[in-house]
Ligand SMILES: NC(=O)c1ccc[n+]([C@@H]2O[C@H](COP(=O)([O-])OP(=O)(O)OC[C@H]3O[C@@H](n4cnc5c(N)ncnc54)[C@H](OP(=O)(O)O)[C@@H]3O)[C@@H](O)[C@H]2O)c1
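Okay, here we've got a single chain as C-alpha cells, the form predicted alone, with questions on binding and movement later.
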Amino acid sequence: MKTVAFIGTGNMGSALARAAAKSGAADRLLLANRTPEKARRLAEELGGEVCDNRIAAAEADVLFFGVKPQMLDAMLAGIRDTLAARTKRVVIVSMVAGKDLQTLETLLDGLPVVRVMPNIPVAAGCGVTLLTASERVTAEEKAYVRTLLAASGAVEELDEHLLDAATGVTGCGPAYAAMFVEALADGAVACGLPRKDALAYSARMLMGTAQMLLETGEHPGALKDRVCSPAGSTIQGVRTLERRGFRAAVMDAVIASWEKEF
C-alpha cells in the first residue's frame, strides 16, 4: 500500500484520482490544487487529504502531475528542492501534454517518469489512457500505475514515438465522435424525430457498435457490409457519405492533430 498524490485536480486529474480511489491500492490519497476549494471538494468525495504541492512531493510514493504545460516550470520550481531532499523513491506520473520523457527526466533530475495520456471518457470509467515509461521505471511500478488507473477504462502501453499518433485517435477522437452523434441527431430531427430521442438513439448506436467491434474483433468494413442490404437504404447513405468525402475527412482530422504535435 502506498501514498498516491495528485498535483492538479482539474478534469483529468480528478478523473484519475477517482480511479485511484476505486482501485483500493492507495493507502493515502493526497490532493493539491492551485484552487484549494476544488481539491477540498474532491477530497470529501474520495476520502482523500488536501495538501499543498510540497507535501505532495515530500510524501508521495507515486506523484501525478495534472497541470497545464505552461504551468509546469513554475510548479516544479516550487517542489524541486523537496524532491531532491527525498531519501525514499518516488515515481512521477505526468499527464502534461507535449512534454516527452527525456524532457521530463531532465527537468526532474533523473527521477523515474511515466507519461500517461488519458482521454475525456475516463471520467465515465470507459476511457483510454495511453502509457509510456522511462527505463528507470520498474515493471512492478508500471504494473502499480496500471492498477491505479484500471477503473478509468483501458490502459494501453506503447512506445513513446507512437504516442502522438494514438492520441490523435483517443484524445481528439471524442470530439469527432460527439460531432458525428450530433450530426446524426440533427438529421433525425430534420426527419421529425424529437431531439432528445435523436441524441439518445445516436449515442447508444455508437456505443453499441463500438462494443460489438471490440467484443467480436470484426473488421469495421465487414460490419458495414452486413448492415448494407442490396438496394437498401443504408447503402444509399454510405454512398452519400463517400461522395462527401467522409472517410478522407476523418483521416485528415487525425493526421492534422498528429502534425500539430510537431
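All residue numbers refer to positions in the sequence shown, first residue = 1. In this text the structure is predicted, and so the values were computed from the model without any measurement.
Not pictured, yet referred to below: the form predicted in complex with this ligand.
Of the candidate stretches 176-184, 81-89, 96-104, 141-149, only 96-104 has residues with heavy atoms within 4.5 Å of this ligand in the model of the complex. Contact check for residue 117: a heavy atom falls within 4.5 Å of this ligand in the model of the complex. Interface membership of residue 7, defined by any non-hydrogen atom within 4.5 Å of this ligand in the model of the complex, is confirmed. This ligand in the model of the complex is approached by residue 68, whose closest heavy atom lies within 4.5 angstroms of it. For the chain shown alone, residue 12 is a contact residue for this ligand in the model of the complex, at least one non-hydrogen atom being within 4.5 angstroms. Although the partner is absent from the chain shown here, 35, 38 and 75 each have a heavy atom within 4.5 Å of this ligand in the model of the complex.
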